[in-house]
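As structure tokens, one chain now follows by itself in the form predicted alone.
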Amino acid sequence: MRHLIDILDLSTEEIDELVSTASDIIANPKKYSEKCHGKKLATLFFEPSTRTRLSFEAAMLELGGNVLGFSEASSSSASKGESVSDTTRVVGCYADIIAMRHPKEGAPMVASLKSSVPIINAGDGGHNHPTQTLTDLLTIHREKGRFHDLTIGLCGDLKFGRTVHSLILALSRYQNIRFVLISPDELKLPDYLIQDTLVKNNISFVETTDLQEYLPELDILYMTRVQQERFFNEADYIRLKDSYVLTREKLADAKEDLSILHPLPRVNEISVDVDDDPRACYFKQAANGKYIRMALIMKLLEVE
């Protein structure tokens, strides 16, 4: 039995396989409509979510399976003090696979140690979000046709942005990747990721506070919101929340084949006037999340 807690749980070969399966699902959806007939997915979301929870549920339903679960901690026995491990062991009696989101880093890992069914980390605090990374990778591959020879700008909250952390870990295993890390000084990428991933693996990167200076060099621009829920100080959030706002006007110097990604939800960091630009990929990215999660569910349930 396998779990997906960290994107590094998957080899690059397995990522390529999942991307290939998801692409086939997009091309031939009817072929997969009964692949998980009789199977049940439990979504245990101790933290609010729209896209991730609904895309997991849509993925299982389109595979012919069923879903159960809860969408906030207050509607579960966690509100009575039940541990994550106990919740997982109980839910494993009712479901074949579990997708878990939790505000505490490491909670899905703890759950996996006691679970009788596969656990998928659907986001744990500011740490990791491997299925969003798979969504990002599918989008990059469909837009660029490759995972190598890319200059990728990551902009916004790089300190708490779990989607950024997972994407860096994933793409650092491919050839000729260069990162441009764009953030306020207070929200820079954590030093452990810089040292243990970028420096250790000799990955080219630059840290900057200036999006406009590096925009013409980028193949991919990955925007992120400044996350209010990760701040302890409201004044700091208000001061930093609009550090970067991407507008149609600012894209004048960008490449014609730039791909603009965002894990969503957005607040102010991408103006709505960008939505109709052919370089905007974030709504396609949201749609891709369903297909890659269908591929992942089948893989972890060992469905051919």
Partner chain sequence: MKIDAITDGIVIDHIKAGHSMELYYDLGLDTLDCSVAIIKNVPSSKMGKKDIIKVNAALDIDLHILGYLDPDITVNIIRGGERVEKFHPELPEEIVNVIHCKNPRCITSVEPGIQHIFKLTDREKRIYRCAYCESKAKSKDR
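What you see is a predicted model; the values in this text were computed from it and never measured. Positions refer to the first chain, counted from 1.
The same protein also exists as the form predicted together with its partner chain; that form is not shown, yet it is the one meant from here on.
Engineer: Among 106-114, 201-209, 137-145, 214-222, mark the stretch whose residues have heavy atoms within 4.5 Å of its partner chain in the predicted complex.
Structural biologist: Among the listed stretches, the partner-contacting one is 106-114.
Engineer: Examine residue 133 and determine whether its closest non-hydrogen atom to its partner chain in the predicted complex is within 4.5 angstroms.
Structural biologist: Although its partner chain is absent here, residue 133 would stay clear of it in the predicted complex, with no heavy atoms inside 4.5 Å.
Engineer: Residue-level question: is residue 176 within 4.5 Å of its partner chain in the predicted complex, judged on heavy atoms?
Structural biologist: Residue 176: no contact with its partner chain in the predicted complex.
Engineer: Heavy atoms within 4.5 Å of its partner chain in the predicted complex: does residue 128 have any?
Structural biologist: Output for residue 128 is yes: heavy atoms within 4.5 Å of its partner chain.
Engineer: Though only this chain appears here, would residue 149 touch its partner chain in the predicted complex if you measure heavy atom gaps against 4.5 Å?
Structural biologist: No.
Engineer: Would 11, 16 and 269 all count as contacting its partner chain in the predicted complex, using a 4.5 Å heavy atom cut-off?
Structural biologist: Not one of the three qualifies.
Engineer: Note which of 91, 181, 97, 84 lies within 4.5 Å of its partner chain in the predicted complex, where distance is taken over heavy atoms; exactly one does.
Structural biologist: Looking at the other structure, the residue within range turns out to be 84.
Engineer: Can you tell me which residues in 195-213 come within 4.5 angstroms of its partner chain in the predicted complex, by heavy atoms?
Structural biologist: 195, 196, 200, in sequence order.
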